[in-house]
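Before any questions on binding or motion, here is one chain by itself as structure tokens, the form predicted on its own.
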């Protein structure tokens, strides 16, 4: 019986894994250059961790289950809540700000489509404990540097949830939250219907649509202040820092993020090509969440990168490391010893484990794109010189072990 992989998951072969690891390496390098340290949290958490943050409605969107002791658990659908839980449990007395980054798989039960999977990977950072515009600037610049270093063609949009929340302050909290979610989904038709449904004044509806249509440079902040009383000082300071770092961005007050725990600056990055409708590759902002999990009420700023979408459009890859095939004719133990010695010197080496003829061993070496083949036979054992065959040119030569290493070094196979 053939068993297929679960819907919404993927298998990765070596070529794809090599590309993903190369992308991951760039992300890690840049995060660590900013002073961020890697953390890891469990793949499953208590279900309450996610319902506390997002409400009971999230249960239908995630993989929730009871363990053998009846505890309600869930596979993590995202990493921010687990990181905050870790902070409250383990790090509350550590000097601040704390700078963490993570790379891990997450799980959501939703309809699979291009760029959206039930198992997916996120790379993200959290800067915990600062409410300064400098924290927002650092996190935004970190995300921008990663995307830029990966050679992606993208747009960075920056907003502030406080503008719309101030405008909606007289509405019931639940109604205001739904309006924010509709704006986040860019569902203008649904927003129009809902504003009419709750009897929102026409003036309020007009101001909401005027705000979310504002997009452009720093002049947008002045335009926004004409629609709703809002102190733009914080955003002006943020823009000053971003401008000094030569970061290209668009002020877009329709960028709000749909989750209620965001409190201030929010930002998103969109790929310009290759992803169709699912083009968002980064999302983040400042938020308050630790107090929901028993910690103090402090501000944090973070982002998560959609690793799978980035991998789909990123051309970065690492060339496959050159391979040496060690072929033997009746001297398998000597071949294994030689291969082991080569590996100790940083060379990728494979031996025949199928007990094939020399001809078939060399054919296999060609099939796996081995750069060289080293032959170990009676003549080689007696002379102390191995036969080295260049699989690209077909040329052969006899070399002692040290000469073999020197040749491989000159060919870039080992340090």
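Numbering follows the first chain given and starts at 1. Fair warning: this is a prediction, and the values are worked out from it, not measured in the lab.
Quick note: we don't show the form predicted together with the RNA, though the next part is all about it.
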In the predicted complex, residue 29 touching the RNA (heavy atom, 4.5 Å): no
Touches the RNA in the predicted complex: residue 78 (any heavy atom, 4.5 Å): yes
Exercise: residue 261 in contact with the RNA in the predicted complex, heavy atom 4.5 Å: yes
Residue 113: touches the RNA in the predicted complex, heavy atom cutoff 4.5 angstroms: yes
The RNA in the predicted complex reached by all of 134, 218 and 345, non-hydrogen atom within 4.5 Å: no
Of 227, 94, 245, 329, the one that lies within 4.5 Å of the RNA in the predicted complex (heavy atoms): 329
Proximity to the RNA in the predicted complex, single hit among 334, 213, 223, 278 (heavy atom within 4.5 Å): 278
One stretch from 236 to 244, 183 to 191, 295 to 303, 318 to 326 that, in the predicted complex, holds residues within 4.5 Å of the RNA by heavy atom: 183 to 191
Residues within stretch 6 to 20 having a non-hydrogen atom within 4.5 Å of the RNA in the predicted complex: 6, 7, 8
